[in-house]
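Okay, here we've got a single chain as structure tokens, the form predicted on its own, with questions on binding and movement later.
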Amino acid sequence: MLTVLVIDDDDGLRDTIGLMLETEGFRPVLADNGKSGLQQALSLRPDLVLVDLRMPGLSGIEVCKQIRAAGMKTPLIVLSAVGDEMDKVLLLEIGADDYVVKPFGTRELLARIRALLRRSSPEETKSVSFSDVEVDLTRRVVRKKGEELKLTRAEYNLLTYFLQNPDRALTRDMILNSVWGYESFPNTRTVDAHVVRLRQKLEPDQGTPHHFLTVHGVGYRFLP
């Protein structure tokens, strides 16, 4: 589970982001000021940091600078107000990787977080295996019994979402939001149809699924 540190003095926004992250399978750590946030960044070494640009005391600008001065390459996303001047030069100066302007939607923030985590992941080949299936996450290649399978983009994205959330009950709405990018969708049968296709292509016996399980009244669970 990836850890995301949220540093923001706005209690409501900080708690909302924390709940969103937890719902999406991240481990949120919350700090209400720059000083404590910096201490947690240096001690916990999170996978990503969200930091408010303007905070009393130690500002987000200083937090970013000190994280970089400590030699940490942790991805940094700055949360800035509408009137803040956030250009690429300032981002480079303070060591941030991206910024999101308040107010923002949860879908936009999640997309930025996931995109930055993908960009900052190590370049070496990463693969995941279950049963007789091997998924090469770097090359986006899926093999079963050594034979390469043809998956659509949506099928592959759904598969990787399951791989990132093993043994966890996932609602159809969570899957739609994370895989298709929608916070609401008129027909959750989209998820059901794609799970059926994954079972057909990846299960040893699609009639008796062992990996892509239905959780009645909830959604689905992936068991490696």
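Don't overthink the numbering: it's just position in the shown sequence, from 1. This is a predicted model, so every value here is computed, not measured. In this text, the rigid core denotes the largest set of C-alpha atoms whose superposition between the two forms falls within 1.5 Å.
We do not show the form predicted in complex with the DNA, though everything after this point is about it.
Interface membership of Ser129, defined by any non-hydrogen atom within 4.5 Å of the DNA in the predicted complex, is ruled out.
The closest heavy atom approach of Leu223 to the DNA in the predicted complex falls outside 4.5 Å. Proximity of Thr190 to the DNA in the predicted complex: non-hydrogen atoms within 4.5 Å are present.
Although the partner is absent here, Leu44 is not a contact residue: none of its heavy atoms lies within 4.5 angstroms of the DNA in the predicted complex. For the DNA in the predicted complex, the listed stretch (131 to 139, 72 to 80, 101 to 109, 149 to 157) containing residues with heavy atoms inside 4.5 Å is 149 to 157. Taking the DNA as positioned in the predicted complex, the residues of 197 to 215 that bring a heavy atom within 4.5 Å of it are, in sequence order, Arg197, Arg199, Gln200, Thr214, Val215.
The rigid-core alignment places the CA of Asp32 less than 2 Å apart between the shown form and the other one. The Cα shift for Thr171 between the shown form and the other one, taken after rigid core superposition, is 2 angstroms or larger. After superposition on the rigid core, the Cα atom of Asp47 is displaced by less than 2 Å between the shown form and the other one.
In the predicted complex, the CA atoms of Tyr99 and Phe162 sit closer together than in the displayed form, by at least 3 angstroms.
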